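The data below hold one chain only, encoded as structure tokens and taken in the form predicted on its own.
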């Protein structure tokens, strides 16, 4: 059993579909302001590994929009809370280049082992309007092909998503031990 530190039920559901036996721990941790998702995850892992016993993991993700020079990137959660999808769509008004990608970094630690990290990415574009009711966060405005992530069922999303990529990399590593 792995303790998955997240307040996001959607993340937990997606991760559990890949990894199986996860226990969601909504205990919060300090998310530093840093240049990379890896730095944020590593700093957070030091805190949560000291507070929880046994295997523990956390995941940090970001939306990187080419026309916005990578914004919101490491600030994606804050930007989602403050201006949301509507704000991103406003920032994208008049932009022809709508290329974007999601990146996910999973940090995992257990007693006697240093932190290991795995990442995944999915490339797509920012749509012109939100579509779909599934998923969470930026999913309604992030399109892969003609479909937003919020229009995909969990099985399809978990075949292509950034989070699925990082979680599958962790699972492969765990299974190989």
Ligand code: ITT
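Just so it is clear, the model here is predicted, and its values are computed rather than measured. Positions refer to the first chain, counted from 1.
Here the subject shifts to the form predicted in complex with inosine 5'-triphosphate (ITT), a form of this protein not shown in this document.
Out of the listed residues 31, 110, 38, 66, 31 is the one that sits within 4.5 Å of inosine 5'-triphosphate (ITT) in the predicted bound form by at least one heavy atom. Inosine 5'-triphosphate (ITT) is not shown here, but in the predicted bound form it comes within 4.5 Å of a heavy atom of residue 157.
Inosine 5'-triphosphate (ITT) is not shown here, but in the predicted bound form it comes within 4.5 Å of a heavy atom of residue 137. Interface membership of residue 176, defined by any non-hydrogen atom within 4.5 Å of inosine 5'-triphosphate (ITT) in the predicted bound form, is ruled out.
Interface residue remark: residue 168 is not counted as part of the site for inosine 5'-triphosphate (ITT) in the predicted bound form, having no heavy atom within 4.5 Å.
For the stretch 72-94, the set of residues having any non-hydrogen atom within 4.5 angstroms of inosine 5'-triphosphate (ITT) in the predicted bound form comprises 76, 77, 80, in sequence order.
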